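In structure tokens, one chain follows: the form predicted alone.
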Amino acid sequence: MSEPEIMNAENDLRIDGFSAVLDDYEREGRLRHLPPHRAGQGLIDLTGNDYLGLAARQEEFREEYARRFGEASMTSSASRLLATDQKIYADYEGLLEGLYGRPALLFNSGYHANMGITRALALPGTVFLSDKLIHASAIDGLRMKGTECDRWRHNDPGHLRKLLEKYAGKAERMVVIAESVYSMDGDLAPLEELAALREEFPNMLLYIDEAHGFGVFGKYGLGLAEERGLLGKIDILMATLGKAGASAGAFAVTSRRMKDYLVNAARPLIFSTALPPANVAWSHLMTEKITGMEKERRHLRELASRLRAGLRDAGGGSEISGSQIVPFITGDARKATRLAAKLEAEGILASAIRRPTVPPGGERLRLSLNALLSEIDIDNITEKLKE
């Protein structure tokens, strides 16, 4: 067999336009790179979303997993609608239904879920009213369908009310989309006010993304909606399993009829190979562990409060965060990347966040805490930032 011809496109005219974009990114200090392997190097890691520390502790659970789920297949080999082995999926959805009190539907990722659900909801006569800071996955779903969409000022239920009044007599249904915990500022949605508006406007559907709330809030870790006693007031609740869940995938909790509709209309579910049963089994085990981790949730809240207080003294703190995500604002992309590099040299990993993830002037370090950190770690982080 002859050696394969190797394509060298570094100077190919076909990619000139793309290279120019990369050059612009580099000049602006926002060129991204896949990071090197740094696990096991004794670093304090503030870059991930392993909020409860379950992913870091996974070796503790392997024996139980092997005993209970050791026969689970490593591949589904088909979409969920075609897979012959449905038991593990059904068992996990049954666990979620028992916890949330309503049917649940698995998706391959939070991106698949948000994009697929928003697109599926876009029937004629529907208007979407989204918080300005909803995740890109939901935005992409709305753009793909070309739906009618209006945005309300971030966490401003008064502005949302005005939009609801504007569209109430025109639209057959109004879908309000918000996140419970926002991933960049760590601030919390005004869920009580949103639920009250849902009661006031009978053609309003409330869709809440609990990606960063699942595992962290609530007595059983079901999210901010559980903590606020509002699970029954949300029409569609989506949560991801790759953050506090220490696994991969996502799920939506909704009514029986809406679940049936999404099975028939959510294209990422219909046309993607389903998650491996072994992965779903691991999610099942991790979710069981999450329900009993109130001690870790309390510790995480205390750590976040301590860090916020320390950052205020360091001059870059934000009063917005109410969660395990704490931003340190730099206001400049190059400052953020330089500061991240200096912290790494001191043994602390922190993500430099630049536009378009945040607007110009919102550049920052995103400090993502987990329950395995100690108060000493938090004080160390604060002191390094002060320096």
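Quick note: we count residues from 1 along the sequence shown, nothing fancier. Nothing here was measured: the structure is a model prediction, and the numbers come from that model.
Separately, the form predicted together with a small molecule exists; it is not shown, and the next lines address it.
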Checklist entry - Just one stretch in 196 to 204, 70 to 78, 103 to 111, 252 to 260 has heavy atoms within 4.5 Å of the small molecule in the predicted bound form, so which one is it? => result 103 to 111
Checklist outcome for this item: Among Ser137, Ser283, Ser130, Asn155, just one has a heavy atom within 4.5 Å of the small molecule in the predicted bound form, namely Ser137
Next on the checklist: Test of understanding: in the predicted bound form, would Thr291 fall inside 4.5 Å of the small molecule by heavy atoms?
Outcome noted: no
Checklist entry - Is there a heavy atom of Thr240 lying 4.5 Å or less from a heavy atom of the small molecule in the predicted bound form? => result yes
Checklist entry - Taking heavy atoms and a 4.5 Å cut-off, does Ser272 contact the small molecule in the predicted bound form? => result no
Item to check | Interface membership of Glu179, the small molecule in the predicted bound form, 4.5 Å heavy atom rule | outcome: yes
